[in-house]
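Take a look at this single chain in structure tokens; it is the form predicted on its own.
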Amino acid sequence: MESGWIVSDKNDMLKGRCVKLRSKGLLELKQSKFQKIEVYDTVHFGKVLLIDDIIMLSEADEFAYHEMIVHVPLSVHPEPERVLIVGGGDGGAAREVVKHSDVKEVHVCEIDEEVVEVCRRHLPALACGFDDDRVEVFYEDAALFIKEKKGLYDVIIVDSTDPIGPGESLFREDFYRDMHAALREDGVVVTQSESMFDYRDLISSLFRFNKGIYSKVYYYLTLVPTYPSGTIGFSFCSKKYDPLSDLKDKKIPGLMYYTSEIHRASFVLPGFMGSVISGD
């Protein structure tokens, strides 16, 4: 961190760009056995969580990410009774999932217990997601955890870090095949799939193999000011349901970003993305 400033990612600095947030002070710094975890208070964005020097979320705009990674698949699947969240140690995804009354069981598979502990201390508005009786947390490697869950889940949500360190295995073809096997016959997977401006090769690779695994494969996006480029996208992979024609008008309380109109608009992509997601 520069003096008084949080820099989004030192690798971005090497590319000649960065997101910088003015810091009011460091609240916690912890090195777990997996990664470095930091929480800062900032002038404009509230508390900010960093993992391995990369901004994971800020209090000011996290809703735009968490609502879109959760309510898009859960508004398409007609009966998402059992949901798996991979990663999601801050609790934000779980907080959004339990807003759906038809959800009966939520499993959170987070590799690093200390992420959950830090977020419980400093980000209770997100970590409250863990307090619902339907939520159970497993501190395991998701790439191994998923292999033992055959035909179990209606929806799987992969709220992962970037494809480095502990998150690298979550972007591989074998993991997507294992998720397919872990879904029920009409299941849906949504995964954090990076920015269309910064990760075109990665997105293209995901679509190349996912079109051979799932019946429906789409990319959609949301706007998050604290992420590089201000956007981040998701892969929507389904055995059966189409994210547009099968959208249900579910009444979800307490939302700030997601609407059915935003849902539809998020799948409208700029022209250059056609070749990226073609799967060729």
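In case it trips you up, residue 1 is the first one in the sequence shown, and so on. Since we're looking at a predicted model, the values are computed, not measured.
Beyond the structure shown, there is the form predicted in complex with spermidine, which is absent from this document and is the topic of what follows.
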> Is there a heavy atom of residue 132 lying 4.5 Å or less from a heavy atom of spermidine in the predicted bound form?
Replying inline: no
> So, in the predicted bound form, is residue 192 in contact with spermidine at a 4.5 angstroms heavy atom limit?
Replying inline: yes
> Any of the heavy atoms of residue 227 lying within 4.5 Å of spermidine in the predicted bound form?
Replying inline: yes
> So in the predicted bound form, does residue 65 come within 4.5 Å of spermidine, heavy atom to heavy atom?
Replying inline: yes
> Looking at spermidine in the predicted bound form, do all three of 56, 159 and 162 come within 4.5 Å of it through at least one heavy atom?
Replying inline: yes
> Here the chain is shown alone; which of 48, 217, 232, 37 has a heavy atom within 4.5 Å of spermidine in the predicted bound form?
Replying inline: 232
> Picking from 56 to 64, 208 to 216, 239 to 247, 25 to 33, which part of the chain touches spermidine in the predicted bound form when contact means heavy atoms within 4.5 Å?
Replying inline: 56 to 64
